[in-house]
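One chain follows as structure tokens, the form predicted on its own.
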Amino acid sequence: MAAIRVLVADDVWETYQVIQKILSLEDDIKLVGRASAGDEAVSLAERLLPDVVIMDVNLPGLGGFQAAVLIAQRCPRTAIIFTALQADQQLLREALRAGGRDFLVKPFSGEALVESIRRVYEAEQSRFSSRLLTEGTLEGLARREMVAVFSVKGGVGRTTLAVNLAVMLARRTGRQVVLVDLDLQRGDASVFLNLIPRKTWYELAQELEQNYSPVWEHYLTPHPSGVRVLAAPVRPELAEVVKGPQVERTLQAFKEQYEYVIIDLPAIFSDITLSALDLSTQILLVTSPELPTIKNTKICLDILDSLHNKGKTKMVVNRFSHDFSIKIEDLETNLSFLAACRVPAEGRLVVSSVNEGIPFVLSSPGSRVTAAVAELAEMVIGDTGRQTDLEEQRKKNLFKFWARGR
């Protein structure tokens, strides 16, 4: 079981030291950071996605209550424990309105703090599980999505988009999101998230070879964002152990068990790739405004059409810039396919994110590229952006333009 991740928001250094000493004695609780002001607490919560925030009500800047409200909006699975030097009824009411799950009066004992952290964490997990159970109707199950992120040319940013999309979905929905790295020989999804997986596709394939019924969670590496990752084997030659039927069985199980499954596919049409494309409910075809990539994208669209998978394909134009000689309109005309999403070129920011192992949707939440991934996530959640949707929208826009011109 993963440790409970705790962020402390308190401007008094001595208080932080006391909390740090208390929590260092607990194996199931991990202190992940400290903020000394309200705006810093919000920023760190967005980046670190803690399970619990210990929040002083009198923080400088935003203040503890306002910071808690923002954290609740942006990190829906984070629970808040308020602390103060005294507690009256008015203060307790404000804490409740701000979304607090508990209130501790300073100085509190180590036992009281640890018990409070565990209690609010367990209550939050129970609340989240109950919500999933309530939504587990036929309507809720129908909203489960398996999304294949695919390209037929390497170097277009496919893995970067897959990783950031998975994290954005986890943040936006608060639901279970699994990222499956199916680039078995060269997959780097775990590197992009700064994870060291204990088990990968290689270990899972060995268990499946013995016809066991695996506990799928044992092969998923958790990320602080809430995303779970099924990592590629650590060495290319180990990929040979993973067979098509094993992949198909795993994906089918994930499709039934998890709300969102994001599959990072290799840039090749193989039996494994074809199985993943068939099982997916949505295909995000990643391209970029460069002639070699456009040529390969056109071939890919023809193949997807022959496989009867073109209808669920949505084209994502990555590294888009108005400075490029190839315009979106020219690209769409050449491919006879409309773009569902444009992701702007922000090379320095993206490269820095990859090198640090922190998805840019966490490290740079206000960037243009993060806004584009947020739009992409909404498209996945609502299953919009198919060609029929885009063509209908184009017709409506043309009609409005025509009507205004009369």
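Not measured: the values here are computed from a predicted model. All residue numbers are counted from 1 along the displayed sequence.
One more form of this protein exists, namely the form predicted in complex with a small molecule; it is left out here, but the text below deals with it.
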Considering the small molecule in the predicted bound form, which of Val350, Ala339, Leu362, Val380 comes within 4.5 Å of it through any heavy atom?
Val350
So the small molecule isn't shown here. In the predicted bound form, which residue out of Lys314, Arg319, Arg171, Arg228 has a non-hydrogen atom within 4.5 Å of it?
Arg319
Can any non-hydrogen atom of Ser116 be found within 4.5 angstroms of the small molecule in the predicted bound form?
no
Using a 4.5 angstroms cut-off on non-hydrogen atoms, would Asp183 count as touching the small molecule in the predicted bound form?
yes
Taking any heavy atom pair closer than or equal to 4.5 Å as contact, tell me whether Pro245 reaches the small molecule in the predicted bound form.
no
How about Val32: is it within 4.5 Å of the small molecule in the predicted bound form, going by heavy atoms?
no
Within 4.5 Å of the small molecule in the predicted bound form, heavy atom basis, the matching stretch of 86-94, 149-157, 198-206, 296-304 is 149-157
Since the partner isn't included here, can you check whether the small molecule sits close to all of Val343, Glu346 and Val369 in the predicted bound form (heavy atom within 4.5 Å for each)?
yes
